[in-house]
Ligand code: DGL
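Okay, so here's just one chain, in structure tokens, the form predicted on its own.
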């Protein structure tokens, strides 16, 4: 990995991506902890959710979006998607010229926090079935009960901004009630879409439940990486936010503005990077720079 030290590199953006708008929950924490950093966010909403996609498909999308972010001069990349992390992050790290920070289900802190000895993990089907989750359960779940609950349909509800709809509430009742019945006192949000449902989760599970969202530790690790590589922004003004997406840009703009809390512009991902069937090699066009 190259060591980035120039002033231009320090002012370069941090790239963040997710299968859709869920990673905005991570982006808002990054913005909170690192207010001076310029940020680029990619929502691959045209192909969300990743949870039921094949490994090859997810790896290809992760490679394509990472290539786009590098072409946009990203000095670091945050994989704000649990499914993309467990499937594709090792491959990305094998060739990326910049630091990659990734999210994963927060089973360790949940295991440390539970008093009942039972925790529930809400995640996509692909994340639940991954070797990463098996490893985390083996490492931190030996003395507790870890209930892995796949949640098909929840990502789609957030992608439609149906945060408090009756259909969303019913899905949460279906997924959370069995956890509570088995004594879970801690719930891990194993998908970045789910923090936007936190209020309804509390209503369904009860106010005494502990909800673990790993967004803050991800932002903290990003900060550590930027300072370790001497590429943290030194500017004295607030950083910029840029949003890109696949799928219906008008729809993603409407949902992103709702979840972000203010109106934003969303741009379509360039065609080279938006084709889901095109296998892209891990390389990028160094002559393309969004800031030129």
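Keep in mind the model is a prediction, meaning the values are calculated, not measured. Positions refer to the first chain, counted from 1.
The form predicted in complex with D-glutamic acid is left out here; the points below concern that form.
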Point to revise | Proximity to D-glutamic acid in the predicted bound form (heavy atom, within 4.5 Å), stretch among 129-137, 79-87, 180-188, 216-224 | key: 79-87
Check your understanding: Taking the shortest heavy atom distance, is residue 155 within 4.5 Å of D-glutamic acid in the predicted bound form?
Key -> yes
Check your understanding: Should residue 68 be counted as a contact of D-glutamic acid in the predicted bound form, where contact means heavy atoms within 4.5 Å?
Key -> no
Point to revise | Distance check, residue 244 to D-glutamic acid in the predicted bound form, heavy atom within 4.5 Å | key: no
Point to revise | in the predicted bound form: members of 221-243 within 4.5 Å of D-glutamic acid, any heavy atom | key: none
